[in-house]
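Next up: a single chain in structure tokens, the form predicted on its own.
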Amino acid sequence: METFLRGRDLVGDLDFSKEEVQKVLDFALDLKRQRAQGQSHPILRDKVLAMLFFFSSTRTRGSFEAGMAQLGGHAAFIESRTTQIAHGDTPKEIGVIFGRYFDGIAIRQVDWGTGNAYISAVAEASDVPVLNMQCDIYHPFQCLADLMTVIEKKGRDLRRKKMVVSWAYAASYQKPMSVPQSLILQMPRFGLDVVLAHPPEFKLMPEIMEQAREQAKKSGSGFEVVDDMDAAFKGADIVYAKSWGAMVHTQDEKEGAKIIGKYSSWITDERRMKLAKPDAIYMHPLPADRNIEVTDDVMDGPQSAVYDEAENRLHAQKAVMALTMS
């Protein structure tokens, strides 16, 4: 068992080098193969992971719980509203005390301006690995699963492959911008030419944009920003279109909802998918607002990779947990 990540935190996408990410994905693919062949791998026998949620979850909770069980350990689900966190427990106390109870701490806290700071404060206080299950800035495990899926579908040599990361309309709520931010940070490192598409009000954080440009320059890959969904889709190999909020533009919920309503035409449908390459894949982290954000024909069509993408959350997370907590 390799130990190069033992004890390490994964809070932001750049916490692991490109080479370390590649090793994680190689291990994830091996664990996926073993699982398919019915081979057990109790690497984390008797280990316990605390899963602290400040935000609802389906795939994240399910994949982390299943992953820990398959690794021979246990995941303890802790919902913040059923704890004393609202009544005085500080991030330092959670980090120190949970670090003594558990072998790892995983946290989902997506509140704008709060989530990453909270997770980082817990990590600073804890002696065990702290894993970011999603915050207001990053969604590193989703991005690892996305990259794993792209490699499975498009091969290991991703140079000159065009990936569109596009905003899409969704009326449900102002969704976190952590998914697109993680994508533009990680994908250029592996040679993908990333095109970020969004209406003017849906800019990502300036510091993340600057880091994305740096990663693209360092890797010799492309990175550009457009405000036309059709133009972005043309010639794409990978289409990743989802909604996110206008938090950089405004933090007022009512104003944000009003802005979102202006762009209901930003939907991924069959017409737009035909602008991409014939073998292009469609990706989304789920849940999607069906027939608002994306049509059923695309979501359930032959180009959709969303179910493989969701499955790969399990394998990518298992790899990181095994490598950091063993």
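Residues carry their position along the shown sequence, with the first being 1. For clarity, every value in this text was computed on a predicted model and none was experimentally measured.
Keep in mind that the form predicted together with a small molecule is not shown, yet the notes after this line are about it.
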item	value
In the predicted bound form, the residue from 287, 42, 261, 301 that sits within 4.5 Å of the small molecule by heavy atoms	287
In the predicted bound form, the residue from 32, 47, 277, 59 that sits within 4.5 Å of the small molecule by heavy atoms	59
In the predicted bound form, residue 198 touching the small molecule (heavy atom, 4.5 Å)	no
The small molecule contact in the predicted bound form: residue 126, any heavy atom under 4.5 Å	no
Touches the small molecule in the predicted bound form: residue 149 (any heavy atom, 4.5 Å)	no
4.5 Å heavy atom contact, residue 313 to the small molecule in the predicted bound form	yes
Candidate stretches 50-58, 22-30, 266-274, 253-261, one within 4.5 Å of the small molecule in the predicted bound form by heavy atom	50-58
